[in-house]
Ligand code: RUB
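Before any questions on binding or motion, here is one chain by itself as structure tokens, the form predicted alone.
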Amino acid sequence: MLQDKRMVMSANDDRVKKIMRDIKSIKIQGARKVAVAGARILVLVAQGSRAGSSGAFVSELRNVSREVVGLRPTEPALRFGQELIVSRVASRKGMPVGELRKYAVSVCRNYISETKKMLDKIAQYGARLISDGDVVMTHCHSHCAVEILRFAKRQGKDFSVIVTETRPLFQGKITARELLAEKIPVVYCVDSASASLMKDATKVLVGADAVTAGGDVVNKIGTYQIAIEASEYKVPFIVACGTHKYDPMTALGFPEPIEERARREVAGVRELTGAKVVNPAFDVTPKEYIYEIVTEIGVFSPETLVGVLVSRGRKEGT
């Protein structure tokens, strides 16, 4: 029996390490999928834990959670999800350790279910902003943006989408494939063509990895320049994201960390010898360029959304 438990734990360890590698390498990408993957890691840890007490189990969960959060520093959704799960489990550490492990699994699974409901609500609110004849430009791969466009298509709306390739990892190809699977017309372009094609766009729709206390949006590198181009052509720039992307720590003066990706994504180790190669994964789009933010609680201007979230946080004592 002991041998069987060791086999299970070894299998769980391998699965945890694989998910962590996939998060770090952006094989798993998109803030919601990353947050869900983080929750699944905690499920595996809970199922395979050999902690002898509830306190030791909570410590184990907390340590793994810190490691998970460190994989993608510019992901408030991941941080929020991990903190929420661990805090809920820690609040029940008076339970026997066996029961607490089962409770942790249920907390993780409930969290995953709630993120799906959140995505559905965002899709419903966002689809109202899509009209027949629209040409929507999008950048990178956002589950929220794609779900909005899917929902609008299934409502019978006729529109097309300009998809930027999103170097250096070409996440735009994921978006293009998913939209084509829904029979949505797609124009796929290199990133540097966005300004030239903006004259044809009627809306820009992107996701977000973080929303700051000032109402600015952190998203895939290149988003800021597209926002500037949209402003020049007076094209509404719309962001879609869950309210869990709001980072209240930025209100205390802590900047949202911008992840610096590996040089090898941009240039080979023997290329450009002597050059400093920079590869920031994200940039910050100031609120002045943002027309509206679509969330699971409604559609707001950046300032109004932050006000609503701050007010809600005060009421909840957070």
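All residue numbers are counted from 1 along the displayed sequence. Being a predicted model, the structure only gives us computed values, none of them experimental.
Note that the form predicted together with the ligand isn't included here; everything after this is about it.
Out of the stretches listed (206-214, 226-234, 154-162, 87-95), which one is close to the ligand in the model of the complex, meaning heavy atoms within 4.5 Å? That would be stretch 206-214.
Counting only non-hydrogen atoms and a 4.5 angstroms cut-off, does I148 reach the ligand in the model of the complex? Contact check for I148: no, nothing within 4.5 Å of the ligand in the model of the complex.
Is there a heavy atom of R79 no more than 4.5 Å from a heavy atom of the ligand in the model of the complex? The answer is no: R79 has no heavy atom within 4.5 Å of the ligand.
Find out whether any non-hydrogen atom of F57 is located within 4.5 angstroms of the ligand in the model of the complex, and reply yes or no. Contact with the ligand, no.
Hey, in the model of the complex, is Q29 touching the ligand, heavy atoms inside 4.5 Å? Taking the distances in the model of the complex, the answer for Q29 is yes, it comes within 4.5 Å of the ligand.
Residues within stretch 217-249 having a non-hydrogen atom within 4.5 Å of the ligand in the model of the complex: Result: N219, K220, K245.
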